[in-house]
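Just one chain is shown here, as structure tokens, and it is the form predicted on its own.
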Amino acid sequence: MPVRFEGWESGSRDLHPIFQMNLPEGALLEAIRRSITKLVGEDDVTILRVTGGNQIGRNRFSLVDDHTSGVVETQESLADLLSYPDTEELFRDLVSKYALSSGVSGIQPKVILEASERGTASIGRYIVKSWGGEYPQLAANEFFCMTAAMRAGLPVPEFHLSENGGLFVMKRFDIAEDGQSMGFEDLCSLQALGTAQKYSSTYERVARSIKDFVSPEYVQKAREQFFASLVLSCIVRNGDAHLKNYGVLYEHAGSLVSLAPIYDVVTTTAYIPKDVPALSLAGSKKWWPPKRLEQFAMAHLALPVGRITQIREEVVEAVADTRKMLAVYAGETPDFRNVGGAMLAAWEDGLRQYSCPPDRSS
């Protein structure tokens, strides 16, 4: 949360944003509530107590006399996770084992676990995601969107799609190579907003947050990364680039702060055809024309026109290349065909809009 001389008072029964940041949502929250309601209750403080020992980032929460870490000591095999034939059964089992130790936000069903990495003796920490009936094939949707991000040169965590398309598995980027937890704070927390307000901001304010919180050494890189991610979201029609899907990363208090890697990118219009961007820009929420994004990048990110054009062209090329891969997968995977077809159409519209040179007329 922003540093200031005054204390913080919530003015309501809601937890402060820094405590809300990793509270489970959606299916994970319901699974946790089913497990604990009869025993200890289901309010936010109780949920924080249950999941607080294993959070994204460096913060941990517990009662004074509670010495348990909250981390489950069992380990999975990454290879087995990706090759298991019945991922619905597998995910139910993972939820039953890891829900109470998964301090991670997001509506998409997910759990945190440790897994032995392919071809090595090392252990990695991962977030495993499935989907609910409302958003079928969400794992493959995210996989192709993240692939486009990676091909565009954006920093992304290691990620995988299970062989049958049922699970999206992402390595945690808040764990350093030596296994220590890094600091992570999303922009809801940094803007002193609760999770329910994750859509109540603007991309202009995100740009200001980058200036305010990212270390000067990394500001230029962060601005370029943010602009590229915004262009990507517009092209692939990702209407969920809200405040909780941006954050900052640092090794420890007082160390250099960078913009966190890109995560949680999906084509939302595959499920909500008339979806719009998560936050407003220039007072509106729409898939803005290239000229509007260019004006934003110059005015709020201090990017030169030449670099703006280069970034846009790199993202366009990456999405176009990934679209070919997406088309092949959709053709070969009957269960994905409907969602894949909607994604292909959305990406085609986005590419058509952003491949053209910006209109410089008034």
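Not measured: the values here are computed from a predicted model. Each residue number is its position in the shown sequence, starting from 1.
Separately, the form predicted in complex with a small molecule exists; it is not shown, and the next lines address it.
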Practice task
State yes or no: in the model of the complex, is some non-hydrogen atom of Phe143 no more than 4.5 angstroms from a non-hydrogen atom of the small molecule?
Solution key: no
Practice task
Answer for Lys110 alone: is it within 4.5 Å of the small molecule in the model of the complex, judged on heavy atom distances?
Solution key: yes
Problem - Interface membership of Ile56, the small molecule in the model of the complex, 4.5 Å heavy atom rule - result: yes
Practice task
Please run the contact check for Arg223 against the small molecule in the model of the complex: heavy atoms, 4.5 angstroms, yes or no?
Solution key: no
Problem - Site check Ser105, Ile127 and Lys171: each within 4.5 Å of the small molecule in the model of the complex by heavy atom - result: yes
Completion exercise
Assert contact_stretch over 81-89, 241-249, 226-234, 279-287 against the small molecule in the model of the complex, heavy atom within 4.5 Å, equals 241-249
Handout entry: Heavy atom within 4.5 Å of the small molecule in the model of the complex - the one residue of Trp131, Tyr98, Tyr263, Phe213 that qualifies
Key = Tyr263
Practice task
Find the only residue in Pro136, Pro157, Gly165, Gly153 having a heavy atom within 4.5 Å of the small molecule in the model of the complex.
Solution key: Pro157
